[in-house]
Structures are given as structure tokens and as C-alpha cells.
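Here's a solo chain for you in C-alpha cells, the form predicted alone.
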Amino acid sequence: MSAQRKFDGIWFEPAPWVNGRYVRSDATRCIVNPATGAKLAEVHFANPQIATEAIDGAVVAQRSWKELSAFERGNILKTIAAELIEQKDKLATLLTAEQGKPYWQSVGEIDYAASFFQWYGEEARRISGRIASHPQRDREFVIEHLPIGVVGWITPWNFPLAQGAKKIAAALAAGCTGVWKPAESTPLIALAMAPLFRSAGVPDGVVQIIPGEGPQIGSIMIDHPEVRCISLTGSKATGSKLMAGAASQIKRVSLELGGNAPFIVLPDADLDFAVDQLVQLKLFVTGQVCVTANRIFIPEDLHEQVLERLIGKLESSKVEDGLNDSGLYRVDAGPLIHSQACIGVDALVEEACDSGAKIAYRYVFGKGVRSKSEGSFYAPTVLSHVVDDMRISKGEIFGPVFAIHTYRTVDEVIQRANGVSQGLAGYVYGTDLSVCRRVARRLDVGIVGVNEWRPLKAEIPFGGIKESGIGSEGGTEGLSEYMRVRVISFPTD
């Protein structure tokens, strides 16, 4: 990529965006298309000096941004939403090239990202305080909700735009500014947002975008006294380090650290519907989703029926380059993010098989696909006879592996579903909604989809419990992550 490149109609420079301009550095990283291995760009990574300059610039910008009326901030956010929709096709093409997911899924991510800017653009004007009674008759309390200050946003590679939109939209609505550190593997879509933010009316310095090495940038955010909140979507290991580091300055943290979602098929479930939903969920972003079905629980006496339907569905699926997707030809899944991810998933499968699991089905690729031996594609695999004490059952698989567990009673499956250290999402499928409701309410997770594989929306809070994190994104609750409370006791006369 040259100093400034037109990527399918989008002009941007592959370098940190600081105070309204792209800034080059000596450190670079090659970004490739995971489906083909083709080079997309050589991206300049932020060094400590650039990262510090970005934070300092956000501090200055926050002084004026917080003084804008909530209506003005909201209108800018809604303009961002409109710009995203207008440029949807171009942004989706870039996103697919960089991340690998099918084009139609990238289009969905652009829409999803836009929904957060639209939602928080509307919610900004509803931020308000209240008057509370004072014990003395000649005084009253004024309770104010104020922006917390400068925020550090750290986002993952599986949803490189949507996860940024969730955090940035809420923070900007609250009156905060911040520094966005996109994942090392997928910085291009974030950098392409810089001119879009500017054209939508976001003042320079309000959103700084600094691709860089995670541990280095994270440490700078932790150490800088003006960063008052860090919002991370990532691994438990990274979240633990950030939380420990933030403790010394009592910074606020918001952490979404992954899940181990149970997908429970109840005895009375419509099996065709449940399997169709399961395949959609599990092939979405090729299984690289924190809320995907990780442990699939099937009644013991329905095991063979479910396997037959599942294998039939997968045999008709298309797993290939996401850019092959078009209006007339739908790609169901693309590659994993890189070849090391394939190696990691394969290790889980082999270890499970060594412990008694069976490969019931493995997808056969067509010609021209760079499979795990030489590239980033991993064949969707159905694994039966999986048990709870296998390593594949204890954490995220992050690949298209359908790990099938069987159970005998509903009480048993609830206990087993809750018997892990994560608690992000869960799914329940059945026709008796009273039973579905009882099961859903007993699951120790942050969100449950009952007969629905994608319940996440901008209007509702999303967050996990246990080791899946703290805090919420989305809904009115998402605003509170970026606000503090001040109380003033006033005389009434």
C-alpha cells in the first residue's frame, strides 16, 4: 500500500491516525488476506511516543467534546451511522479481504456497527441527572452524570469494526474521547474509519486510532494517568493483566473475555429447525465468535437423528474465500484468521480423539482452497462422544468444530452447562416455551437465545459473568460504563 491507497474506493493511509493525520513509524507489519495469503498492506505500528501523543491529544480534545450539547454529539453519531450504510459495500469488501469472513457476513457487520452509532446517537440526548430531596427544607441535591474522561478501546480481530463501534459510540455519546487499538491482524478497517469519522463531523483528537503491539500499547494505556477507563474485548489472560495493572491507579475496566456457550436441544425440539440454527451459528465467522455454540447438548435418544441432519446440512455448505460470495452464490464460511489458529483447533480435536471422542464427519474442500496444511482453512468437523472433562469442553474452540455431548435429563444438562468457569452466552431450543424459560433462567450466562441464534442487538446490554468478564456493552447500560456521578448540595434560595 502506498502512502495513501485507494482500496476499492476507500482512501486511507496504513498508519496511526493521531490528531487528524496519519503518522508513520519505523515498525511495520504485513497484513494479508487469510484466504489467499495475498499481501494487502504494510501497516505502520504505533511506538510508545506515538501512543502517548495520541492519549495526550485525546485529553485536549475531551475538554471541548464534553462541552458540546448531547444533541450535537448525538447528531454526529447518527451521521457516522449514515456514512457507514452509504459506504457499506466498499467497507464490507475491505473487511472480508482483511478478516476472511464471507462478504454477506461483513455486510451484516457494517449494519450492526451502524446500529450502535444510530442507537447511541439517539440515547445521547437522554443523558440526564435528577433532583433529590435534602433532609433540610432549604436545600436540594443535584445528581449529575458526567463523562469519565479519556478511554482506551482494545478490540479483537473477529469483529474488527463492530466491536469498535460498540465501545466508541457509547463513549462518544457520554462525552468521552479515546484511543482505539485495533487487533494486530485486522487494523485496516479501523484505519479506514478515520476519514469517515472526520467527514461525519468528529473533531480531530476525539477518536485516535493506533495499531500496534498489544502488550506495549496496553501498558501505555494503563500507565498514563489521564486514561480513566479501558474497555477490552479479548482473552482472559489479557483481561487479567489489564485489570491488575489498572488497579494501581484505580482505573475503570470493562472486559468481555470470551465464553463457552452451551447449545441445549431439549427433547421436544424441532430438530430440523434446531440443526439449521446450529449450523448458522457455528459457521458464522467460521466458529471464531465468543458467543458461538461451544458445547452442543443433545438428548441421548436423539443423538443419531441430530447427527444425520447435521452432516447433511454441512455437506451442502460452502467453505471458501469469502470474496467469492455474491448475490447469486453464498459462501457459508471462510478461513480462520491464520494458520496457527488451524493448528490450535486441530490440537484440540486430536487430543479429544485420543481421549475417546470420534470424528463423525469432516468437510471435504474443493480445489483451490488453502487448507490447514498450507493455509488458513479448517474443515468443519463433527465430533461425537465428547465428554465434559476433555480440554475441548473447558474453553473456546474458536473454529468450526461441532462438539456433541449427550445427556439424559434436563436437570442434568443444566448442571453440566453451568459447570464451567465462563458465563457469556447460552442457547435453548424446544417447543414447550415454559420449559425453555425455566432452563434459560437457570443458565449462568449473560445472555440466552431461546430458539434464536443471534440475539445480540444495540438496544440491549451484552456482557458476561464469572470469567467471561465484567461490564456491559449496548443498551442504556452501555452508557454507564463511560460515566461518573457527581452530587452537588445546593441551597434552594
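As the structure is a computational prediction, the values presented were derived from the model and not from experiment. Just count from 1 along the sequence shown to find any residue number.
There is another form of the same protein, the form predicted together with a small molecule; it is not shown, and what comes next is about it.
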So in the predicted bound form, does residue 215 come within 4.5 Å of the small molecule, heavy atom to heavy atom? yes
Indicate whether the small molecule has at least one heavy atom within 4.5 Å of a heavy atom of residue 208 in the predicted bound form. no
Look up in the predicted bound form whether residue 157 has a non-hydrogen atom within 4.5 angstroms of the small molecule, and give yes or no. yes
Classify residue 232 as contacting or not contacting the small molecule in the predicted bound form by the rule of any non-hydrogen atom within 4.5 angstroms, answering yes or no. yes
Name the single residue among 241, 309, 125, 416 that comes within 4.5 Å of the small molecule in the predicted bound form, judging by heavy atoms. 241
The small molecule: the contacting residue among 101, 282, 181, 167 in the predicted bound form [heavy atom, 4.5 Å]: 181
What stretch, of 148-156, 297-305, 79-87, 343-351, brings heavy atoms to within 4.5 Å of the small molecule in the predicted bound form? 148-156
